[in-house]
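Shown here is one chain on its own, the form predicted on its own, set out as structure tokens.
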């Protein structure tokens, strides 16, 4: 009888505790954070990784009771907009964020979209975190954009130098889609390669994004006999097709890109032919990952049934926004206050082991701190998964 009474009492206590927790959660204010990026089409993996990372972290923080900023506790709500990799839709998405009173937005994922939304962001007091590389977005007089990852002109030289030193690479060729983003990345890559003393044997071959037969595209490039074939700005959908075509043409050299990729897409599209493919990875490795990062991966996988290594980088933007707002609550609806805080901002990095810090960087590239500090992790694809090739840092 006593045991039954105890169980009943414990059950009531648990029910009361859960009810109280739900009630507290419901009483919290709401902080809306936007996402404007591509979640459909050939480049969808880039934006899907963004959105899912934000939703996973937001759900986790809300489950913990919300986020305290100043005297107010907030639940985080992610407001997402698929721009379909179309600059006009990106503008529409940013305008929607402005109409909803949102001051902090993650994305867009490509150069055209990030450049297109700049006037809307600046006119409406929005800080945005693009995954796009044009330096003019992050150099004065621009001040509202913060680069959310390592740029190709930062990762490219590091990859080329590593391959020169470890693989004896001397000749490099570039192939790019006939779009502004890949072409810009190609030009930056060519410049970096020449600065390192590499011989650029091909830098003018392009393809349309809807190409299905890459043999005629790649044949003249392969004939130039490069040690390294760089797929500039290649989308996750096109990468396996290009790799497969290059290998089937008999190319045995190295293949790389400065864009992040999806291991599952590579495996499904190119299989073992993609072994050795080098790309920029997420900002974490098994050696660097903290318990919080491991839990993030578990929660993400439980929510969506799969995980994208690129989310090791994409988890950071929301974290930077929240922690900077904690450091200066006046920035909650005033991005000028946010900017004032960036130069001296520092917070613990929950996703890395040791005493790693969240800080803003970019002075070397942009003349001002307009980039989140995340490790430069370079991966090599092997048998269906990414393996860490090397890790570097960006100032």
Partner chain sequence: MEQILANGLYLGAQYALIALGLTLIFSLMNVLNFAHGQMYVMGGFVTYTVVAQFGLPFIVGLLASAVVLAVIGAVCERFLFRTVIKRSKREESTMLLAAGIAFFLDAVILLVFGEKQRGVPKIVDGVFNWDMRLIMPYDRILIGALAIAMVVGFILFMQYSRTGRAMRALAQDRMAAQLMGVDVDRYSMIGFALGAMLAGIVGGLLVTITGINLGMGGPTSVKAFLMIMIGGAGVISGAIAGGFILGMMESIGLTLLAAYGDVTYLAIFATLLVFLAIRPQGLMGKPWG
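Numbering follows the first chain given and starts at 1. Because the structure is a prediction, the values reported are computed rather than measured.
What follows is about the form predicted in complex with its partner chain, which we do not show.
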Inset, instruction - Flag this candidate site as yes only if 241, 244 and 264 all have a heavy atom within 4.5 Å of its partner chain in the predicted complex; otherwise mark no. - result: yes
Inset, instruction - Just give me the single entry in 249, 225, 302, 196 that has a non-hydrogen atom within 4.5 angstroms of its partner chain in the predicted complex. - result: 249
Inset, instruction - Select from the listed residues 191, 291, 298, 268 the one whose heavy atoms reach within 4.5 Å of its partner chain in the predicted complex. - result: 268
Inset, instruction - Report whether the minimum heavy atom distance between residue 139 and its partner chain in the predicted complex is within 4.5 Å. - result: no
Legend entry - residue 153: touches its partner chain in the predicted complex, heavy atom cutoff 4.5 angstroms: no
Legend entry - Contact of residue 219 with its partner chain in the predicted complex (heavy atom, 4.5 Å): yes
Inset, instruction - Answer yes if any heavy atom of residue 210 is within 4.5 Å of a heavy atom of its partner chain in the predicted complex; otherwise answer no. - result: yes
Inset, instruction - Using a 4.5 Å heavy atom cut-off, indicate which stretch of 167-175, 200-208, 124-132, 154-162 touches its partner chain in the predicted complex. - result: 200-208
Legend entry - Sequence-ordered residues of 45-64 touching its partner chain in the predicted complex, heavy atom within 4.5 Å: 45, 48, 52
